[in-house]
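Only one chain is shown below, in structure tokens, and it's the form predicted on its own.
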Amino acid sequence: MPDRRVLVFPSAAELGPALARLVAARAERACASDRGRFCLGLSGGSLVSMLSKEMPAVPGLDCSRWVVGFCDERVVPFDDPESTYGLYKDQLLSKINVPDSGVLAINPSLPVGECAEDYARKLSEAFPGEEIPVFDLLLLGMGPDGHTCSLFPDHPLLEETQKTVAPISDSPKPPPQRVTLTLPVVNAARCVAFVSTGGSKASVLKRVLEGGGGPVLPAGRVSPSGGELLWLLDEPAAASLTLQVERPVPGAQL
């Protein structure tokens, strides 16, 4: 089992700055290591607005040695509001100094299968010598069905072990065509941080974190083999949990 921590904040407003401090701290640690760079994987949904609000406010943030990829992506044009890269480009990447060469985006003009292969090639080039790309930090969300990335309950992609990036043409959540990191890549990360807020997530969070209630949901299958696993929640999302949680004081480093 990884080193799992469940951290609960009074509200999403307090969670956001803590998330930004986490990203900045992991970036500083990675850039000071022998690797000399920070590899971050981003997810969409509410994370886009949270990070876009909080990251530019971090004092002295230097993103010049960052490599930014995406945990999953919708195969739509970048100007489509469903494009995760498009949203981050407009709302966050344009405000911080990540070099264009450090941003790994899909080619949405390709058919979904070729798109996945092309993105896998980009990852392979960005992580030379690594059969499975090892990100320093992956930021994940979780849907009300327990899905994460574009890995959905009972879907065959949950059993994928050979590919680093897989196509999906039948996503139960539109748009149907997507590409996603597979579980071997997610579980190779040095740190995985889930961010989940709101009372609508309470029952599925209890199932994922405490077990019971049927097969293990996709989010429950995230278990970094050699890294940290963090769950950052607000009080409404954590309302049904009975396990022991941490409640960080304001300003604490995670």
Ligand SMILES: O=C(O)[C@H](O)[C@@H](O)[C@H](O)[C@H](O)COP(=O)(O)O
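Don't overthink the numbering: it's just position in the shown sequence, from 1. Source: prediction; values computed, not measured.
The next section is about a form of this same protein that is not shown, the form predicted in complex with the named molecule.
Interface residue among S64, S225, S33, S46, judged by heavy atoms within 4.5 Å of the named molecule in the predicted bound form: S46. Annotated contact segment (heavy atom within 4.5 Å of the named molecule in the predicted bound form): 140 to 148, selected among 92 to 100, 127 to 135, 140 to 148, 112 to 120. For the partner-free chain shown, K173, R178 of 152 to 182 come within 4.5 angstroms of the named molecule in the predicted bound form, judged by any non-hydrogen atom.
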